[in-house]
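Next up: a single chain in structure tokens, the form predicted on its own.
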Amino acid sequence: MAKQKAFYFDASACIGCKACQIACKDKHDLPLGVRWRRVFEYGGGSWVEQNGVKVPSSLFSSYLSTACQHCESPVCRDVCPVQAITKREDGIVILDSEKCIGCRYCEWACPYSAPQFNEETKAMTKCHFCYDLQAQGLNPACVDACVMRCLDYGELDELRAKYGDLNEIEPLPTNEITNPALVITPHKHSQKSGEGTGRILNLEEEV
């Protein structure tokens, strides 16, 4: 296959500390509300009656750290009317905010909500895989910040050989839309995308 950089995420080890999210915001000086990497808490369960009292039953939760998936078939690129989004030879999807006209088509098209609108500049922005750090032989900021070592990156085929080929768990969308360059080790409570019984529990967060 062609070269394709990809992220790896170990959901079984993530504790939801959000160090990766904060490191990304700090490295790129992102304004309030713009989060290139986000950590979601996903969970669910039900209530049952015991001795006349309702108590929780079958509760579950896990965390998902997600950013731009640098998809093999990026729909954000395909809908951009000014070709501000391109895919490099190494598979990294780049958004040129200087070319962007702020139409937000990419934001609406991306199933991962990766492109983020910057109200200050009136242009779209997104994760660019810290290609500047990689060019220096360094790791992406989020990878280095993870205290549980849940994040890794590399060539997609190598990550699949090492960790498997799972790339869709709730609350992510199913993979056939864009072929995300992502490999996941699931949590014991992870559910397949499209078959989830839970919900995102921390949607109100904005940092």
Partner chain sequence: MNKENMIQKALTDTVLTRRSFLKWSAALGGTAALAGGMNLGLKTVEAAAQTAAETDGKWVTVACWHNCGGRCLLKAHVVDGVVTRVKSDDTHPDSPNFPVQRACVRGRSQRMQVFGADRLKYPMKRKNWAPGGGKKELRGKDEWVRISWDEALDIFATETKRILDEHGNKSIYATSYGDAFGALYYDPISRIFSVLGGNVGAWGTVSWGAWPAPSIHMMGGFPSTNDRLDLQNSKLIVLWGANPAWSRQGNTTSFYMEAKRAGARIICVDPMYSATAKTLADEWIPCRPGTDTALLLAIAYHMIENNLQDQTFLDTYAVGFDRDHMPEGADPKENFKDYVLGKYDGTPKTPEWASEICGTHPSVIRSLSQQMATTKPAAFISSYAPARTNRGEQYAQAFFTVGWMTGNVGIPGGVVTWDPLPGGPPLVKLGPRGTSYKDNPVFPSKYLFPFPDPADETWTGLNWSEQWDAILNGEYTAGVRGKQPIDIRMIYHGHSAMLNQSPSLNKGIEAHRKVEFVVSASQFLTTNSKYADLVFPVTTYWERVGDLISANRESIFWWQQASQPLFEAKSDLEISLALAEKMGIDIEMIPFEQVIFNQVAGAEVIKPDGSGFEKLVTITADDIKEWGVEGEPQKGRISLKEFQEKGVYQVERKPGDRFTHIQLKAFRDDPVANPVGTPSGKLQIHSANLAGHIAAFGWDKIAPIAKYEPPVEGYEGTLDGEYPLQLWTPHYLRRSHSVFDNVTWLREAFPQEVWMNPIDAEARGIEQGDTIKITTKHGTALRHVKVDAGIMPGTIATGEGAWADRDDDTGIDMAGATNSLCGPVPTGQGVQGWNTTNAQVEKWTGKPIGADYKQPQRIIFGEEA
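Model, not experiment: these values are computed from the prediction. Numbering follows the first chain given and starts at 1.
Omitted from view is the form predicted together with its partner chain, to which the following refers.
Asker: Residue-level contact is defined here as any heavy atom of the residue lying within 4.5 Å of its partner chain in the model of the complex; does residue 124 satisfy this criterion?
Answerer: Looking in the model of the complex, residue contacts with its partner chain do not include residue 124, since no heavy atom lies within 4.5 Å.
Asker: Is residue 93 close to its partner chain in the model of the complex, meaning a heavy atom pair under 4.5 Å apart or at it?
Answerer: Close contact is absent here: in the model of the complex, residue 93 is far from its partner chain, nothing within 4.5 Å, heavy atoms only.
Asker: Looking in the model of the complex, any heavy atom of residue 131 within 4.5 Å of its partner chain?
Answerer: No, residue 131 stays farther than 4.5 Å from its partner chain in the model of the complex.
Asker: Quick one: does residue 179 come within 4.5 Å of its partner chain in the model of the complex, counting heavy atoms only?
Answerer: Looking in the model of the complex, residue contacts with its partner chain do not include residue 179, since no heavy atom lies within 4.5 Å.
Asker: Let me know which residues along 108-145 have a heavy atom within 4.5 Å of its partner chain in the model of the complex, or say none if there are none.
Answerer: Those in contact are 108, 109, 110, 111, 112, 113, 118, 119, 120, 133, 141, 143, 144, 145.
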